[in-house]
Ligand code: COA
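As a starting point, one isolated chain is supplied in structure tokens, in the form predicted on its own.
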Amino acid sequence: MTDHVIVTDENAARVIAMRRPDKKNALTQGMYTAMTEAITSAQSNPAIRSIVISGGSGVFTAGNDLEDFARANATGNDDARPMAASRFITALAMNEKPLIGAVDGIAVGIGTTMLFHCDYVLASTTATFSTPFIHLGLVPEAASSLLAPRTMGHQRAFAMLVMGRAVNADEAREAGFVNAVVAPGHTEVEALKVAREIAALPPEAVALSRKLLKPAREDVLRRVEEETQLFGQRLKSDEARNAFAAFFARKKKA
């Protein structure tokens, strides 16, 4: 586990809170592991009716900690990507509990793509969503290449996932992957209200209806595997190596 992820059970909701504010909640392999364990252990607990993922006030997550990501990927084996990140994505795909996203501030990369696994998303007026995979010479992940077009249409998904255009909270709501826009600092509180609303509903009816609304799990996992293979190939490409080298050079100068 890690101090950068705080997991609490509040009434019938499990709250998974990313807490690494000095790094804008950039995700390390330890954070991925902690979140995966929190999601997985909730599945067998009937008292937990929903899961809330939050980043706290002011930031959701800046995505992967690229230094940690690079270290984890430099193991000399042929894994497509660090295993902790892959396990987190699989946990999202396998999750059977209603999943609520509480986004205040930036949501970059996996910070945005994980939201397409959510059943309800709240965003603050300061929230922004971006997926700069192609700028790093990579491809989309977390089944976003399947789920985003299904949610927002091909053209909007292309602009965000391929062209890397950022989306603000109102645009995300219009696109269909944000339910409601609230004041800054209020996303987690509002998410817990949604969790209480879900908890008041018949649990078996909720579970069956959620399953009907979702694409087939097999299709999601198949797309995750396809993306993962391509992601691994791209990590070894000249485009990705040059993009990462440029990123670290800029960071060193800063």
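What you see is a predicted model; the values in this text were computed from it and never measured. In this text, the rigid core denotes the largest set of C-alpha atoms whose superposition between the two forms falls within 1.5 Å. Sequential numbering from 1, following the sequence displayed.
The form predicted together with the named molecule exists for this protein as well; it is not shown, and the discussion that follows is about that form.
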property	result
The named molecule contact at Asp65 in the model of the complex, heavy atom, 4.5 Å	yes
Touches the named molecule in the model of the complex: Ile106 (any heavy atom, 4.5 Å)	yes
Close approach of Leu136 to the named molecule in the model of the complex, 4.5 Å, heavy atom	yes
Contact of Pro132 with the named molecule in the model of the complex (heavy atom, 4.5 Å)	yes
Proximity to the named molecule in the model of the complex (heavy atom, within 4.5 Å), stretch among 146-154, 106-114, 159-167, 85-93	106-114
Single option in Ile198, Val220, Ala26, Ala42 placed near the named molecule in the model of the complex, where near means a heavy atom within 4.5 Å	Ala26
Full three-residue contact with the named molecule in the model of the complex, heavy atom 4.5 Å, for Phe60, Arg173 and Phe177	no
Core-aligned C-alpha movement of Phe244 between the shown form and the other one, 2 Å or more	yes
